[in-house]
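Starting off, we have a lone chain in the form predicted on its own, written out as structure tokens.
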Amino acid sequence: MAPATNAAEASSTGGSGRRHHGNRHGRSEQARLAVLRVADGLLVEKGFAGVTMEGIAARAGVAKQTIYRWWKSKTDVLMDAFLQDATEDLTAPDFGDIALDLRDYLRRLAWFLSESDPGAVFKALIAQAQHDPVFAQDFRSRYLDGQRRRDRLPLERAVDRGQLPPDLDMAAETDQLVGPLYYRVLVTDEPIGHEFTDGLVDAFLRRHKLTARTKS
């Protein structure tokens, strides 16, 4: 018979007394989130080649089998972590003015791509996509559509407010605003600080004869 203390513990957890072997988080959302939280930091620390499923499991405190229930490879883990970070960090606030919205969003995007841990994951995933066509297609379908929506959001809000014309070429204007950031991050490695991003916004405002506004 089990000791009284163990019986009480079993009762407090619903009476089953079951244990999760090799995974202190259990098969839960908590374990999945733990994996996603550590993945990008591990890549920054060890580089893409140094990241393994075993290493992710150890850092997250879960069993390797737990990770394989959700992901087939480290690339899948890193992509899910990156997509979650992008959704959380790149959803633009609405300041009610196109100049303020664009300044904030481009600064936010520049920081995300060039300085954050998710930005390092982004560059690693782009590199992986160059020699893995299947992954490249998956990455584009899962990331680009959502990112394009986030990129367009400040412009769409401005159209709704009447600050921009309804026939605005969204695709072309979005490319002119965010394209230079990706070019510098992925090709030239030049800085993309506030002076650079604010310059892109000022050029946009001049094209559309809008008044520049600043946000401290």
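The first residue of the shown sequence is 1; numbering continues from there. Here, rigid core means the biggest group of C-alpha atoms that superpose within 1.5 Å across both forms. Just so we're clear, the structure is a prediction, and the values are computed from it rather than from any experiment.
A second form of this protein, the form predicted together with another copy of the chain, is not displayed here; the remarks below concern that form.
Between the options 159, 171, 58, 33, the residue in contact with another copy of the chain in the model of the complex by a heavy atom within 4.5 angstroms is 171.
Among heavy atoms of residue 44, none comes within 4.5 Å of another copy of the chain in the model of the complex.
Taking non-hydrogen atoms only, residue 100 never approaches another copy of the chain to within 4.5 angstroms in the model of the complex. Shown alone here, residue 40 lies farther than 4.5 Å from another copy of the chain in the model of the complex, counting heavy atoms only.
Mapping the unseen interface onto this chain, residue 141 falls outside it, with no heavy atom inside 4.5 Å of another copy of the chain in the model of the complex. By the 4.5 Å heavy atom rule, the three marked residues 186, 190 and 207 all count as contacting another copy of the chain in the model of the complex. Residues from 163 to 184 that approach another copy of the chain in the model of the complex with a non-hydrogen atom closer than or equal to 4.5 Å are 171, 172, 175, 176, 178, 179, 180, 182, 183, 184, in the order they occur in the chain. With the core held fixed, the Cα of residue 54 is displaced between the shown form and the other one by 2 Å or more. Annotation: Cα of residue 75 displaced by at least 2 Å between the shown form and the other one, core superposition. Shown in the overlay between the shown form and the other one, fitted on the rigid core, is a CA shift at residue 132 of 2 Å or greater.
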